[in-house]
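Next comes just one chain, in structure tokens: the form predicted on its own.
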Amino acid sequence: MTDNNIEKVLIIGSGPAGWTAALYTARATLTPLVYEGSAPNLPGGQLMITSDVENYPGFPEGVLGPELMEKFKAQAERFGARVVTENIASVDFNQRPFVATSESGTEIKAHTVIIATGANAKLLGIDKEKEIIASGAGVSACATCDGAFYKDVDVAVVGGGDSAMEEANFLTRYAKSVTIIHRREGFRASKIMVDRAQNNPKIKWELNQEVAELLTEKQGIMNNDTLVAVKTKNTQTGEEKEIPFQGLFVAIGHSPTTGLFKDYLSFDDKGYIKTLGQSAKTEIEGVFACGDVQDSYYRQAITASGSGCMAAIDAERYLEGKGL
């Protein structure tokens, strides 16, 4: 540590936002300290359970999510970022310098804190779901990320909100058909989004249905469990049926990882950290937020990286302005 054991920059979280913030602050000779997280939080963020990433610039042949995050981390470390593979258990933003305490009890004092704790897609919680997502073999929580892998096949979207309708419409660019599976007949989605989906000839409907089981076969050179069908259960009668699908997109919402900060920061109506204007600044001077923890709309690796850059520059300018 520097300045009587006070860090200039503490970054909580990793992923594209955290590593980019670390890279920029490290190159600015601020020697950031990164607490990248550990189980159950995922060091490297959601890309650590993503297989092929084809839409990140600079990788024309695509890149595996974990490989991309390793490159991000290595680049930040090259310029002096220090990394601890541990979770932060608590923070105190009422003190200056700020104080954070790790799960092992280490106390960290810092002049600035960059929050990059991300958000997790809500999943169905059924057998094989996480394994299939990790292998990229038929289940996804991001149509924008993975839709292009499902050209000319039948896919389904689970959900009844605006995100589900938006993802279903997006997937019709690629898929032969898209079926929306929803546990009720009514929708949380706005009328305009429902109307748009209902007017799309490639979208089908399975209402009063919930996904009960993922049916798979061993396929590919890795012999992975690959989705071939979905077993649904009628929420009114309990009747079950099997529907063949090569892809299932879970669109039931995201949960930003904000529990540490609930006593200090303001959140929008979806629970994401509010930032000020076109910046990464929060309402507390010296505390910044970037990536999916403050972005409920785009949720892409490239936009998370961009906001990580913003947070780093905002932190650098704050420290300079304070003579730190």
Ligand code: NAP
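A residue's number is simply how far along the shown sequence it sits, counting from 1. Note that this is a predicted model, so its numbers are computed, not measured. Superpose the two forms; the largest set of C-alphas matching within 1.5 Å is the rigid core.
From this point on, the text means the form predicted together with the ligand, which you will not see here.
- Using a 4.5 Å heavy atom cutoff, none of K128, G138 and V228 lies near the ligand in the predicted bound form.
- Of the residues K241, R173, R82, R188, just one reaches the ligand in the predicted bound form with a heavy atom at 4.5 Å or closer; this is R188.
- L124 is the sole member of L215, A148, V153, L124 with a non-hydrogen atom lying within 4.5 angstroms of the ligand in the predicted bound form.
- A residue is said to contact a partner when one of its heavy atoms sits within 4.5 Å of a partner heavy atom; Y298 meets this definition for the ligand in the predicted bound form.
- Although the partner is absent from this view, K109 stays clear of the ligand in the predicted bound form, with no non-hydrogen atom inside 4.5 angstroms.
- Interface residue remark: D162 is counted as part of the site for the ligand in the predicted bound form, having a heavy atom within 4.5 Å.
- The closest non-hydrogen atom of H254 lies within 4.5 Å of the ligand in the predicted bound form.
- The stretch in contact with the ligand in the predicted bound form, judged by heavy atoms within 4.5 Å, is 176-184, chosen from 112-120, 176-184, 83-91, 241-249.
- With the core held fixed between this form and the one not shown, E185 has its Cα displaced by at least 2 Å.
- Once you line up the core between this form and the one not shown, the Cα of G253 ends up 2 Å or more from where it was.
- Relative to this form, in the predicted bound form the C-alpha atoms of E167 and I273 separate from one another by 3 angstroms or more.
- Relative to the displayed conformation, the Cα-Cα distance from L68 to L248 grows by 3 Å or more in the predicted bound form.
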